[in-house]
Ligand code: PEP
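Quick setup: one chain, the form predicted alone, written in structure tokens, and binding and motion questions come after.
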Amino acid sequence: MKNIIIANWKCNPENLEKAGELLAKIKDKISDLSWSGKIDVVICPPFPYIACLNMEGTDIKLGAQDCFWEDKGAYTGEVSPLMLEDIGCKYVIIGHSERRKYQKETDQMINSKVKASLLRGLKTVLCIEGSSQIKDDLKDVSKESMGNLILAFEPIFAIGTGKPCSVDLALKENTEIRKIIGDSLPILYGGSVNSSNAKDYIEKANYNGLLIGGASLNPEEFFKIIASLEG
């Protein structure tokens, strides 16, 4: 199973020019690594930038930070899985802790988004704080449709705090998640990931990749994280 490294830019940077510059620096930094074919690298920028970023000459894939559960309709401000598919998105993040907190997203809403994203063939990254959320977030999701499902464990205390989860706790939660979903689906770790701890989450805590926030906005640090996993 290939490692998956997802850069969640969140509400950054503040304009398209800076977004293009950031992507160009990341592309330049990782161009000399032999990661292609070994690691899937995904950039999830804010919605307005997705269709505007130049992905030519790179194997980096595009993702979105959220989507709605309908393909079209009278849903002001929403973006559908169909629209994401149309502009070249391959991945979508669903249920991030910040959306659960600030947008008051419920497990029922997240469940609807997961179903819609999987139906459209998007690689759907379901963020959970713990294994207890899996039952509700994946309610009535058939095993046949789960081929593109990815889980991401993101402990709330580690999101944007600079206080990463211990490897032992991350391993324990990974084990609990595996008891529910089995061994076939990828599980990512997210929460204050940096180049010093990235490899430990993969090799010691048995994760299949990383969901990276703040460090993904620093091309040098993002490069170091990928480089640490290259071997």
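Given the structure is predicted, the values throughout are model-derived calculations rather than measurements. Just count from 1 along the sequence shown to find any residue number.
The form predicted in complex with ligand PEP is left out here; the points below concern that form.
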{"property": "Proximity to ligand PEP in the predicted complex, single hit among Ile60, Ile26, Val193, Ala64 (heavy atom within 4.5 Å)", "result": "Val193"}
{"property": "Partner-contacting position among Leu151, Ala158, Leu84, Leu118 - heavy atom within 4.5 Å of ligand PEP in the predicted complex", "result": "Ala158"}
{"property": "Candidate stretches 159-167, 173-181, 195-203, 52-60, one within 4.5 Å of ligand PEP in the predicted complex by heavy atom", "result": "159-167"}
{"property": "Residue contact check: Gly214 to ligand PEP in the predicted complex, 4.5 Å heavy atom", "result": "yes"}
{"property": "4.5 Å heavy atom contact, Asn3 to ligand PEP in the predicted complex", "result": "no"}
{"property": "Contact set, 1-31 vs ligand PEP in the predicted complex - heavy atom within 4.5 angstroms", "result": "Asn8, Lys10"}
